[in-house]
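What follows is one chain in structure tokens, specifically the form predicted on its own.
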């Protein structure tokens, strides 16, 4: 499928189950969670602390495996894929934005952004795209600095540029403004909104109202299942168990 085809979801996840622990101490973090996200759509996932939001995001991105259920990204099955295939999927189909940035300390900001462009099979246009992103995000003057020399907002913008450099159809963001001041947080939210408006599917885990305000849909993860909230974050509309 064309990953930018708005008629088909970029992300499909169905009946995901994930338990932590074993025996009588086992606890189901996910218990039949299902969701989808289309090209051009920003989806926010909310839920109480410890509800499994980050676990869900890691499974969606192939960083963790479910005990049951399946995930597809751009028409390709993530669940059950080999580690080699998962690595390729993450390089080309999925961009990650983490709460704690995960920039490599030994590389400067620009080198962190361009890192995906150095991997086998990288798009030849990726280096030029990375340079353009750094300039567009207002980071050119600090591109030579190491992560520890950057502000939190600058680090998160570099992390977002790194996530976009391969031009993936899906962006996954885990609490992307959780450690930022208000101004930096608004900048990052605008960039995520722009990423969706440019035809990507963006799925963002958050607990902040200013983040859900920019989303097209808001989902709640509760008791291991996903429900869609009414606009404005009100009562659930319906349980999102069946992939469209």
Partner chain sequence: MRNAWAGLRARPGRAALTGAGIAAAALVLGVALTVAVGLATGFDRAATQADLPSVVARFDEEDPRDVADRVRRLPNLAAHSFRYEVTRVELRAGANRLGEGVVHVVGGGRRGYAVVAGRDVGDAAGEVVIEQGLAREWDLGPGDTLDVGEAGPAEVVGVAVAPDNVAFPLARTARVYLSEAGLLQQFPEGSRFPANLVLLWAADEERADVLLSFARQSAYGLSSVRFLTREGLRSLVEQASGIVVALLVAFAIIACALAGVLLAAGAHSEIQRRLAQLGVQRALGVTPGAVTAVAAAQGALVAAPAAAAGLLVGGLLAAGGTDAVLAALNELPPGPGARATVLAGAWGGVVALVAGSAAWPAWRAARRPPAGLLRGGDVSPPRKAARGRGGMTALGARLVTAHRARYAAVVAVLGMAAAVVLLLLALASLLERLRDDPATLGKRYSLTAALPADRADEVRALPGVAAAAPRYEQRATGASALGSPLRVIAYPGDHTIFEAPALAAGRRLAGPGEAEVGQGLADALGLRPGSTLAIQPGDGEELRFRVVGVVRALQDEGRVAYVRPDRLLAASPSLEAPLAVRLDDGADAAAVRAALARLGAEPRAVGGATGDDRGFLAVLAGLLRLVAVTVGLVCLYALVQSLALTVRERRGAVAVLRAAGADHRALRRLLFGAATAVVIPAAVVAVALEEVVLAPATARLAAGYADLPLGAGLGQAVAVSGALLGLAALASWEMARRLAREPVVTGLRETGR
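These numbers come from a predicted model, not from an experiment. Positions refer to the first chain, counted from 1.
Quick note: we don't show the form predicted together with the partner chain, though the next part is all about it.
| request: Given that the partner is absent here, state which listed stretch (182 to 190, 62 to 70, 33 to 41, 200 to 208) has heavy atoms within 4.5 Å of the partner chain in the predicted complex. | output: In the other structure, the partner sits against 62 to 70.
| Only one of 142, 81, 125, 111 has a non-hydrogen atom within 4.5 angstroms of the partner chain in the predicted complex; which is it? | For this set of options, the contacting one is 111.
| Would residue 138 count as a contact of the partner chain in the predicted complex, using a 4.5 angstroms cut-off between non-hydrogen atoms? | Close contact is absent here: in the predicted complex, residue 138 is far from the partner chain, nothing within 4.5 Å, heavy atoms only.
| Taking heavy atoms only, is residue 157 within 4.5 angstroms of the partner chain in the predicted complex? | No - in the predicted complex, heavy atoms of residue 157 and the partner chain never come within 4.5 Å of each other.
| request: Indicate whether the partner chain has at least one heavy atom within 4.5 Å of a heavy atom of residue 151 in the predicted complex. | output: Heavy-atom contact with the partner chain at 4.5 Å: absent for residue 151.
| said: Taking the partner chain as it sits in the predicted complex, is residue 146 near enough to touch it, meaning that at least one heavy atom pair lies within 4.5 angstroms? | reply: Flag for residue 146 set to yes.
| So which residues in 83 to 121, when you check the partner chain in the predicted complex, have a heavy atom no farther than 4.5 Å from it? | Result: 83, 84, 87, 90, 91, 96, 98, 100, 102, 104, 105, 106, 107, 108, 111, 115, 116, 118, 119, 120.
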